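Before any questions on how it binds or moves, here is one chain, the form predicted alone, in structure tokens.
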């Protein structure tokens, strides 16, 4: 039964990649499985690489970075830059904002009742359009 569930998951992930305009290579499919199998989450390339290694998936950190950026450009992930040295990739593509816990280096969704941002209120420079508004609220343990 386990094999059948995995085949179904892999088939749906392959379709998801194809619909996003990406060829479902072995590495993309394996990384997609790690990314999307447990619901919405936030992770760095280093976290995903460590998960891949723990699962016995042979992939370089550079390939993980490239794949995350390809998934982001294809609209499968959202990149959240918390500072000049750290970016997270978010599997939740809905409109939402984030808490960033500086003590733990953890990114969390702000519940729906949190911050509401009306992107239509921003007047962008001539020749541009607002794509999305990201709010990252930085928190520390007191």
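What you see is a predicted model; the values in this text were computed from it and never measured. Numbering follows the first chain given and starts at 1.
Heads up, the form predicted together with the DNA isn't pictured, but that's what we're talking about next.
Where does the DNA sit in the model of the complex: which of 90-98, 65-73, 33-41, 103-111, heavy atoms within 4.5 Å?
-> Among the candidates, contact is made by 65-73.
Though only this chain appears here, would residue 61 touch the DNA in the model of the complex if you measure heavy atom gaps against 4.5 Å?
-> Yes, residue 61 is a contact residue.
Report whether the minimum heavy atom distance between residue 46 and the DNA in the model of the complex is within 4.5 Å.
-> Close contact exists here: in the model of the complex, residue 46 approaches the DNA to within 4.5 Å, heavy atoms only.
Would residue 18 count as touching the DNA in the model of the complex under a 4.5 Å heavy atom rule?
-> Within the cut-off, so yes.
Does at least one non-hydrogen atom of residue 132 fall within 4.5 angstroms of the DNA in the model of the complex?
-> Answer no; every heavy atom of residue 132 is more than 4.5 Å from the DNA in the model of the complex.
What residues in 11-39 sit within 4.5 Å of the DNA in the model of the complex, counting heavy atoms only?
-> Heavy-atom contacts within 4.5 Å come from 18, 23, 24, 25, 26, 27, 28.
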